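Starting off, we have a lone chain in the form predicted alone, written out as structure tokens.
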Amino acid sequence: MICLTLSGNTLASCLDEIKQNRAYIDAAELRLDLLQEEEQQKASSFPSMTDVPVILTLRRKEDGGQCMLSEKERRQLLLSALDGDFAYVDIEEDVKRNDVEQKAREKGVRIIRSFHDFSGIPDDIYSRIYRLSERGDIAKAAVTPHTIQDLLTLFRIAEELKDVPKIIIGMGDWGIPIRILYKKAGSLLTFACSGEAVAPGQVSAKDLKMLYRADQVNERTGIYGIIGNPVLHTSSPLIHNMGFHAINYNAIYLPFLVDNVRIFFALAEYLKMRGFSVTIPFKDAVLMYLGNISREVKQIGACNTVVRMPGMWKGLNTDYYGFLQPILKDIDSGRVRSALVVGAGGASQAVVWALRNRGVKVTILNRTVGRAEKLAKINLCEYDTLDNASKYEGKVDLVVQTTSVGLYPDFDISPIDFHFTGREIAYDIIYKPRMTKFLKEAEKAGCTLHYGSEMLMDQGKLQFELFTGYHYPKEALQNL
């Protein structure tokens, strides 16, 4: 089930949330602690006002809620609300058997026995979940992963506690994959929001249902994703999931925040992933884990696409193609003969190789000169430090920004102090925000602009073909 956590402070506003999200949800959670005091007294009437099963929750402050009542007062409020036809009631792990539990069992209300950890994942998480389920309840663990290893630990709960009825929630940015792939974690449901997240890392009900189709994931669903750090700003899930849906391909594509590439490959094996995209800063770090690489990856030295082959992973690079497409006519016509490339990371490797492969004279500018020198020697081009950017003003046809500087949320930063003359073509491979400070400065001077979204879409279409074997559908393109 996709369960909507209601955030309204009145029953009427909670009903409005359900109505607005009814097409996306299977259940709702009424948070008594978020309601006004007079509304709490009427909560027993709420389940009869809606056609979805409702979970009754009165969350204490220490568990991430707003309830400041004494335990006796909290129990009385829950007892009163249980006069209504709630389908579930959430009772915390440390609450001993009491009249709330007794009343719930007498009425046939299923008990969710929960514990919350906002600091991390407890070492005994498996045994704690098992002990909760032994009481005949649905065990709920809402914990906070901080690494990709933590995320792998949470996914493994499905295997370790296969027959235990449970709900596994990963809070925060690291936990988003387990909220989306809740079925792979063996969870009975995942909690969603209607707008602003009620709990850290919540995904909107609309995205879970329409973008990810999370409730349709099954054993035959192909799992794809994108790894990076940062990565949650990415538009790649929109591109690929819309494409999957358009061709009726049973697959899902989601973002993975990663800190350790080796552990991610272990997670990819556990989830039986079929492929994934690679973004900053792992385009070269993934190479040592690949059993096969394409000619482009070998020459560029960076990989942005990984696909599963029999017995191994294969690395490919679609960045060079995606980068070239918007400026190919300018290169072929002779409009672009020289270029300044800002940055010497994994993304710039593809950019420099693509330009040199087309005969463009390239100078690489980077804060760390040694890295620029290494990349320049491989591609037979020039290099310099970012501090000398002004030397090249008015002397190049194309300026390409390949670093992560200016990426969301750091909108007002440019990696280069450069005065455009207006004759240059300015190209920033960052796609969120669309107009970076780098491009704004170029626009003021009258330069022709190219955006990261162009590169993203062109390289994404090629990735889609590598993942699925199908051309990217035109109907999905029209809806992006």
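Under this definition, the rigid core comprises the largest set of C-alpha atoms superposing within 1.5 Å between the forms. So that there is no doubt, residue numbering starts at 1 and follows the sequence shown. Not measured: the values here are computed from a predicted model.
Below, we refer to the form predicted together with a small molecule, which is not included among the displayed structures.
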(request) Please pick, from 120, 345, 165, 172, the one residue with any non-hydrogen atom lying within 4.5 angstroms of the small molecule in the predicted complex. (result) 345
(request) Identify, from the list 234, 221, 404, 144, the residue with a heavy atom within 4.5 Å of the small molecule in the predicted complex. (result) 404
(request) Counting only non-hydrogen atoms, choose the one of 127 to 135, 210 to 218, 105 to 113, 396 to 404 that falls within 4.5 Å of the small molecule in the predicted complex. (result) 396 to 404
(message) Can you work out whether residue 277 and the small molecule are in contact in the predicted complex, taking contact to mean some heavy atom pair no more than 4.5 Å apart?
(response) no
(request) Answer with yes or no whether residue 261 is in contact with the small molecule in the predicted complex, where contact means some heavy atom within 4.5 Å. (result) no
(request) Could you confirm whether residue 374 comes within 4.5 Å of the small molecule in the predicted complex, counting heavy atoms only? (result) no
(request) Answer with yes or no whether residue 368 is in contact with the small molecule in the predicted complex, where contact means some heavy atom within 4.5 Å. (result) yes
(message) For residue 120, does the CA position differ by 2 Å or more between the shown form and the other one when the superposition is done on the rigid core?
(response) no
(message) Relative to the superposed rigid core, does residue 81 relocate between the shown form and the other one - that is, does its Cα move 2 Å or more?
(response) no
(message) Rigid core superposed, CA of residue 370 - does it shift 2 Å or more between the shown form and the other one?
(response) yes
